[in-house]
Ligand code: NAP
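In the form predicted alone, a lone chain appears below as structure tokens.
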């Protein structure tokens, strides 16, 4: 089969690979769609921990072709939660499974979804409707991660929420906050993403900090940073209302540092939260995708083949792109 491997830092190739065999606790999934995430670019650049020679792709869904002893019928469409917690470490026993020290993330530490087939832990597969659009299941993983961050931020009806960043995570966060009854502003420099955000429920848009504060001079009760940029993380408290909270969902390269003024956080009692992965949220994400309470079709900018994946990962996303989906 064809598959896209991260050979080493700066070297990703689509090559011939052996079709995976099923382990005793696995299923085999014929991949229908796999999203290219900003984390894949961090992996390519060596800015995020990974295992060399791994087939990338951690946002994917497909059809079960070999169910083994899983009890999942062959032919079932599933979304794949890529994080396999150990269940035995201190963090797992506390219920903080996203902090598991032995986590084996599919597409990062074991072969993932940028391939025609993937061997996948059966207990991490979540069933999707047979009539769901084949590309939509690839959004369950980013939605699950966004849900965890929004759970931490806990937007309330009537609150003001500023979402920074018009990528997939930001546009999912806009919808979650809007569904909670919040007043939502999307802060992004991209006019195309501003328009898309408004079509998905954003009440207001802004292209800069000043433009945001012109509309909400006191800031927002909740600011959700989804851009993963030093400047926007540093800026977040300054557009947060006194007594408010910040959730950082964006992923910065390992080793990057940002400027924060502790006195400001103290004096205004600004809470800053960091959100990592998707603890116990993947099934909820699958249900939301299945019942269309979250729109994902507008987030698909283009579809690509596996042969195109290395070039897409090795380069920054084009202006205005939200998500490229690989179809093996």
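Bear in mind that the values here come from a model prediction, so they are computed numbers and not experimental data. Residue numbers count along the first chain shown, from 1.
The same protein also has a form predicted together with the ligand, omitted here; what follows describes it.
The stretch in contact with the ligand in the predicted bound form, judged by heavy atoms within 4.5 Å, is 222-230, chosen from 222-230, 177-185, 102-110, 85-93. Among the residues 205, 128, 169, 147, the one placing a heavy atom within 4.5 Å of the ligand in the predicted bound form is 169. The partner is absent here; in the predicted bound form, the one residue of 249, 118, 162, 138 having a heavy atom within 4.5 Å of the ligand is 249. Interface residue remark: residue 68 is not counted as part of the site for the ligand in the predicted bound form, having no heavy atom within 4.5 Å. Using a 4.5 Å cutoff between non-hydrogen atoms, residue 275 counts as a contact of the ligand in the predicted bound form.
Although the partner is absent here, residue 198 is not a contact residue: none of its heavy atoms lies within 4.5 angstroms of the ligand in the predicted bound form.
Contact annotation: residue 193 falls within 4.5 Å of the ligand in the predicted bound form, judged by heavy atom distances. The candidate spot formed by 75, 282 and 284 lies out of contact with the ligand in the predicted bound form, as no residue has a heavy atom within 4.5 Å of it. Contact residues in stretch 8-22 (any heavy atom within 4.5 Å of the ligand, taken in the predicted bound form) are absent; none meets the cut-off.
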